[in-house]
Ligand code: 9VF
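One chain comes next, on its own, written as structure tokens: the form predicted alone.
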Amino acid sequence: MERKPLDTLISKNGLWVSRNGRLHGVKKCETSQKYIRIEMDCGEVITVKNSKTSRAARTLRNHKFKKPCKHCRLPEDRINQFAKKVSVKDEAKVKVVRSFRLEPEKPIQPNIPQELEVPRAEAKVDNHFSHDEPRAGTTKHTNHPIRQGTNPAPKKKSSGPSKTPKKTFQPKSKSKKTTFTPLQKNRILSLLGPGEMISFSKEKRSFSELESILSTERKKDIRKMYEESRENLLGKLERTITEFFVDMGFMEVKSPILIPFEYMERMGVGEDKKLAEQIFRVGDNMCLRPMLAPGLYNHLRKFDNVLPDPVKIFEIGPCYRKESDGNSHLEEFTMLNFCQMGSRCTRDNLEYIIGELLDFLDIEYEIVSDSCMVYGDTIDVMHKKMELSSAVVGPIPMDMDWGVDKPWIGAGFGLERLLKAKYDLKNIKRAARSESYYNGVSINL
């Protein structure tokens, strides 16, 4: 007989057998990665491990019980059906609410002006055809021998080269245009400063001239930053946010970057999930953290009943994911996560904290409702078409796996995206830890 998980057996029978052998009807069942919270028809609520080999699983699999619970008031025919091990089509079922939806997250496509789009490397820029090779679909002209019986026209003597222009297939243009190769376009785009734009279709300067002008401007920008502040924008933003949350009464924590992969399984990202492919594994049992949530969960549990209500903590630190390339994604990025547990954990309070932070940073935003692979329903914070943050109002079923049983609110922000929004950077890499850019300005000069 195939050993099915406990949640599958409960869903199949709609019944539960307690340790004293009493048969209960199941009113509601919520499951996380490790545990199940079961509410009986009689009002009793219990939390058990979702195991294939537990006593409860064996009892349900073998349909064994002593007597029904008199408070659940199970119908006689339902009790008899369970005792007789009825077929699947006749069995009662109860809906099991899963806590995680692992639909692939759609990457946000930034709105890039057409003239700034970088062409694919394989595209060729070729506006002219050779004089020697015919264009596709045309015939190359050759000198045919004089046919017999015809009188050829007498040849004119010429002392110099012929003044008659050769026919070509070069399209006529009203004005001279400068052409750039894909590599040249990429180079020019990398040298543009924050807020600068260029139209290659209208540009009349040559590549070397344009590169020299932009390189000179970037050198001036770097010298100006050295004279005025000498602060890296990413580090400065981290210090600014730290000061903001400390003043708001939050305690700063620092959790390990290298974590057990078992933490990711508790977050609903097991070996069989597609999201697991984005995790950088270290050995068999460890990985680089792709999010700050595991560390915050552990701190909330340990600070509960130690710190005054509500418990308020935050963390800023690096995270790692095998993200797809794009203007808003990085494989190494910096996250801010803040969390409050206990009283005043409402959506209004969550939106108030988010609003105070972004107003403090002078970043425009709007709040929309969405869903997340890990947390389910979320509150997304958007800047134009770029997601700045995903926020959650707990509790959620996943809390059971971390020993957290109180209401909470929390949100996570990508610091590089905050910089991209604040300074109108063209690419997220300009805001990241980099050897090519400093404060959004190219240093490959």
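Just so it is clear, the model here is predicted, and its values are computed rather than measured. From 1 onward, residues are counted along the sequence shown.
The form predicted together with this ligand exists for this protein as well; it is not shown, and the discussion that follows is about that form.
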With the partner left out here, if you bring back this ligand in the model of the complex, are 297, 392 and 412 all within 4.5 Å of it by some heavy atom?
yes
Select from the listed residues 234, 357, 192, 291 the one whose heavy atoms reach within 4.5 Å of this ligand in the model of the complex.
291
In the model of the complex, which of the listed residues (74, 188, 361, 335) lies with a heavy atom within 4.5 Å of this ligand?
335
Interface segment, criterion being heavy atoms within 4.5 Å of this ligand in the model of the complex, picked from 239-247, 219-227, 200-208, 297-305:
297-305
Is there a heavy atom of residue 82 lying 4.5 Å or less from a heavy atom of this ligand in the model of the complex?
no
Is residue 65 one of the residues lying within 4.5 Å of this ligand in the model of the complex, judged by heavy atom distances?
no
Is residue 78 a contact residue for this ligand in the model of the complex, using a 4.5 Å heavy atom cut-off?
no
Given that the partner is absent here, does residue 35 sit within 4.5 Å of this ligand in the model of the complex, heavy atoms only?
no
